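Take a look at this one chain, the form predicted alone, written out in structure tokens.
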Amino acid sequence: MPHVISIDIGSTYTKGAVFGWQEGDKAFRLAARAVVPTTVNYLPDGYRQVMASLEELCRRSGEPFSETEASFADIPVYFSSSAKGGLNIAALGIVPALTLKAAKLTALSAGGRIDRVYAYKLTRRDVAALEANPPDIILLAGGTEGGNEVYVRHNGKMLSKSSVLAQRSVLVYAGNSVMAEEIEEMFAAKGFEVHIADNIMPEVDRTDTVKAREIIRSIFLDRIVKGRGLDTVVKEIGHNPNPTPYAVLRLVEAIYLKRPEMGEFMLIDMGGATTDVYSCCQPVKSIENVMFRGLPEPEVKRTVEGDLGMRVSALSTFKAAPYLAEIPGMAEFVEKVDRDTSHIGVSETEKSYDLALAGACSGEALRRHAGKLRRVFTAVGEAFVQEGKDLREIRTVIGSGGFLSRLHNFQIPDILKRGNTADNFLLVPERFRYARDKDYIFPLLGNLADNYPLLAVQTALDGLEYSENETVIPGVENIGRSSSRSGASCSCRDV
């Protein structure tokens, strides 16, 4: 029986598993699994602890190995990491609903996290803010092919005169190709690192993010490998890690493409530092009396909220969800876990505080991920304007991450209802069943999705445990839908 090992070095925990399979199997068999707190000062320690635990568990169980696996060391290892909390990216575009949105989608689908966004022309104050807290990457976009040059040239000059790129930032240019040579010369002349990608929005209604994604991912790997001894892990394993969000995205894409019977679904991956949301669905549900504003949404979409998390980001979560302050003792608990991010609530009271934090992370992250519908009145009567993605027909919401994987029944809180008014509605799922990733193996299977897609997908689905009851969120109901349910007015698989 051949085996593979998958490791994920997260910001809070380092996880690992041994998977085995035989010819003809439709899914992996989970042979062993181990979790330890991430050794943030020196990551190889946690990695070695997990590997030692996995080997011991396999030895105790008498796990049968194949002829090519003379020892545990012969088993191939795949791994991912988000131990630095993700690669920080500042996105610069022109029009917020167009090139800036395209830049954000590009950064997020590459496995990074958006630190700041800037539209139109950079100001001296904007540059000063970048210099005070330099991001890992500055993604400079703007202008369709043969289009605007003025804004790109202005923003390029502002950045080239600043110290932000001299400190730590890398520039990725993905705008109007007419400006590519000028931008490259502008920064290369000063010795700054610059990468030129294809224009991410060559036409107003079309995006092309492939090249920019590849460059960002390459920079991600280079930067993260240099952090806290991860280069030592790379030497021991023999290859670079996947960014954890990218690995999970690859698994989600594989499920959506290879298991259409799953239908439209969503994954909330909640960790100590960030909360990631992945949605797989048609972005626009009807064309009757609904006008779509902005760039077409991708069918498979990822967003990441760097201020929403259970431990590293507990304090910013508390600030993002003001209603948490109304819970007696909540503020003191948040301060406690902010001081000690490895703390696990043991008492029933502390467990209730963690549940409230989880609700705030997931609810706020889903609210930001979802599209919106706005009622307008035209010369021919009532109509609606949609911005963002329509999630109303999603019927399965998967929870992953240490905390969500342990919850048998999870209710996303009333925060999703609070954004609705008589003329503005959130396009969130109306009714769905919660399914937990009970063995917390989605990130680990994500590492295997490219090489073993069918086995990884089936193992992920087999590992889901569904809640008994549906969650119902009163929302938009039939507003803006056609009676024929004719499908989407656009279809974008550019993720």
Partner chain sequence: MSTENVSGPTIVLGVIGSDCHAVGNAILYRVFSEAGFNVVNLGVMVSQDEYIDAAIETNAKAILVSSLYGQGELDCEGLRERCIERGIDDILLYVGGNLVIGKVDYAQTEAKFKKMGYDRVFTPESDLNEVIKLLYADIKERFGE
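Numbering follows the first chain given and starts at 1. As the structure is a prediction and not an experimental result, all values here were calculated from the model.
The form predicted in complex with its partner chain exists for this protein as well; it is not shown, and the discussion that follows is about that form.
**Q** Looking at 188-196, 298-306, 139-147, 390-398, which stretch has residues with any non-hydrogen atom within 4.5 Å of its partner chain in the predicted complex?
**A** Stretch with heavy atoms near the partner: 139-147.
**Q** Quick one: does L98 come within 4.5 Å of its partner chain in the predicted complex, counting heavy atoms only?
**A** Output for L98 is yes: heavy atoms within 4.5 Å of its partner chain.
**Q** Do L366 and its partner chain come within 4.5 Å of each other in the predicted complex, heavy atoms counted?
**A** Contact check for L366: no, nothing within 4.5 Å of its partner chain in the predicted complex.
**Q** Quick one: is V204 in contact with its partner chain in the predicted complex, heavy atoms, 4.5 Å cut-off?
**A** Yes.
**Q** Is there a heavy atom of L267 no more than 4.5 Å from a heavy atom of its partner chain in the predicted complex?
**A** No - in the predicted complex, heavy atoms of L267 and its partner chain never come within 4.5 Å of each other.
**Q** Considering non-hydrogen atoms and a 4.5 Å limit, which listed residue (F410, Y151, Y78, Y246) is close to its partner chain in the predicted complex?
**A** Checking each option against its partner chain in the predicted complex, the one that comes within 4.5 Å is Y151.
**Q** If the cut-off is 4.5 angstroms on heavy atoms, which of these, I327, V376, V346, A132, is the one near its partner chain in the predicted complex?
**A** Only one listed residue qualifies here, and that residue is V376.
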